[in-house]
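Listed next as structure tokens is one chain, alone, in the form predicted alone.
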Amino acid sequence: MTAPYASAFGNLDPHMSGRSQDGQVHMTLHRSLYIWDSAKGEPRLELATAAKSSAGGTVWTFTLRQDAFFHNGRKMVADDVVWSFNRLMSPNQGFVGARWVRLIKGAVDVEKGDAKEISGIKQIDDHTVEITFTQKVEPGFLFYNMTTSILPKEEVAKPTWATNPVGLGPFKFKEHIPGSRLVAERFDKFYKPGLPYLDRVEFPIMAEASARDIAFRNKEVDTSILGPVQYVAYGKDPELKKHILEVAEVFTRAMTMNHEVKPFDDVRVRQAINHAINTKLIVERLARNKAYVATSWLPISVPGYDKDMKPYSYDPALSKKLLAEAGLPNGFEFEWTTSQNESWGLPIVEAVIPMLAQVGIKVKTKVVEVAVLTDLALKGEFQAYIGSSQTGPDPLQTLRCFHSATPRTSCNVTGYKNAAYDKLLDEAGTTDDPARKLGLLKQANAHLYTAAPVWFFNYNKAVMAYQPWVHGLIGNPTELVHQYPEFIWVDASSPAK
């Protein structure tokens, strides 16, 4: 399995990395309380056999499965869940998965260093955990993410943890050759009878589209995520087009502006940038229509998306007017950080630069690896950057990335703060009326459209090419490359030996 990401894996610790490329590996080696059921479009219990809510949906009691073993042979118990969630909230660590745990009562106190343990999570017995949240939630939307994986503390404490991860997944770590490949082998004590089917999974690093294309056509790899150019080429090939899996992912591509850097703190400047860019043309010509023009933050397949909302108009004259109103009649200059990614990286930036120049905005580019780009974003060490963000499947948690209380290290990388917006989300998180909740979320999404915290680029259409002997792949809208590998199998027509 390969994909068009960085030239190296960022971090083998699932708590540390939310990068898509690393996520492929995490889903192979680890497991969370839930997994995502793509067929039903909802989270499903994985490390628990039952979940019961009480206290109006703020308290959840999980009965853990008793047949889950870590790769070191030890059985998973309730203390592993408690310890893993407490680790995620460790102060000054910036664990990506903290975003999902933060809604547990007392989690923020641990993160701030005001408490040593999360008060809202308790071990009832070896197989039962009780979690109290600060508001009514559906925990499956929080804990299907691999950044909340349940880990064995004795292994994490070892100095070899970062290079020899141990988890609960269907495959166990075999080897990692940095810049080349990662290999995992079948774990015979996996808790799902008869699974996984495969004996071995390999993740070769192939950052270049041409390398992936050659490897796939030569039948050296079994699956490959396609970029825009390959999408067109494979669609015209009578044989290759027979084995293509497409899905509208819950990802929004955007240029994120740092609101702590002038002039991005001025909404008129941010709106001017959106009006200065011919987004539709870029999606058609560069993305080759392997995407949908973004209208706001929530993507098409997520509740709360307003199908009647229109994208920002391409209007350079209006853009200049807004800049003048912001006191910048001659424009300004900024540094735009980007990766080489063909779908949302340097090629897109290079197409936008002359459009911005037309209204007086000058751009200096800074090209970095995808892994570095993510780190810079979470640290706030950028003026603006272009990237791809998971914006679903839960609209409330997605929109919380712009809530004033959400730290940059979690997902509020713009540093956006607005009391009226916060109020909409707070009310959506406490109401028991589904219709009212949906209405509030739509209002919040419309608020972001006007506030323009980012340049709204596109919603991704993910495409995977697979060999005819590969079976069991799923159209996962949360990230197509994130396959649950225990369900994949290869028939006898495969050339592999």
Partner chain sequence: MFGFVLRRVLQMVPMLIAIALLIFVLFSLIPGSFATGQQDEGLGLDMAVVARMRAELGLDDPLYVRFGRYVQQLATLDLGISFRSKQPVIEMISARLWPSLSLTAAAMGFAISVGLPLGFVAALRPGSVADLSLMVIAVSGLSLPVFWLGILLMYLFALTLGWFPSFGYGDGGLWHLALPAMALGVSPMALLARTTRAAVLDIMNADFVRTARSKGMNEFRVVVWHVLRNALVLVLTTIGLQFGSLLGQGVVVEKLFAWPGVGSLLVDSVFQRDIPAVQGCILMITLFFLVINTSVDIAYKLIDPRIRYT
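These numbers come from a predicted model, not from an experiment. Positions refer to the first chain, counted from 1.
The next section is about a form of this same protein that is not shown, the form predicted in complex with its partner chain.
Engineer: Just to confirm, with a 4.5 Å cut-off on non-hydrogen atoms, which of Lys192, Lys122, Arg200, Arg181 contacts its partner chain in the predicted complex?
Structural biologist: Partner contact (heavy atom, 4.5 Å) among the options: Arg181.
Engineer: Let me know the one among Trp100, Phe171, Tyr312, Tyr231 whose heavy atoms come within 4.5 Å of its partner chain in the predicted complex, would you?
Structural biologist: The residue in contact is Trp100.
Engineer: In the predicted complex, do Ala351, Asp422 and Ala428 all put a heavy atom within 4.5 Å of its partner chain?
Structural biologist: No: none of Ala351, Asp422 and Ala428 comes within 4.5 Å of its partner chain in the predicted complex.
Engineer: Pick the stretch from 271 to 279, 375 to 383, 322 to 330, 235 to 243 whose residues have a heavy atom within 4.5 Å of its partner chain in the predicted complex.
Structural biologist: Only one stretch passes the 4.5 Å heavy-atom test: 375 to 383.
Engineer: Closest heavy atom of Glu369 to its partner chain in the predicted complex, within 4.5 Å or not?
Structural biologist: Glu369 belongs to the contact set for its partner chain.
Engineer: Does Phe9 reach its partner chain in the predicted complex if we count a contact as any heavy atom within 4.5 Å?
Structural biologist: Output for Phe9 is yes: heavy atoms within 4.5 Å of its partner chain.
Engineer: Is His482 close enough to touch its partner chain in the predicted complex, meaning at least one heavy atom pair within 4.5 Å?
Structural biologist: His482 lies outside the contact set for its partner chain.
Engineer: Are any of the heavy atoms in Asp265 no more than 4.5 Å from a heavy atom of its partner chain in the predicted complex?
Structural biologist: Although its partner chain is absent here, Asp265 would stay clear of it in the predicted complex, with no heavy atoms inside 4.5 Å.
Engineer: Just to make sure I understand: among 251 to 274, which residues lie within 4.5 Å of its partner chain in the predicted complex, judging by heavy atoms?
Structural biologist: Contacting residues: Phe251, Arg253.
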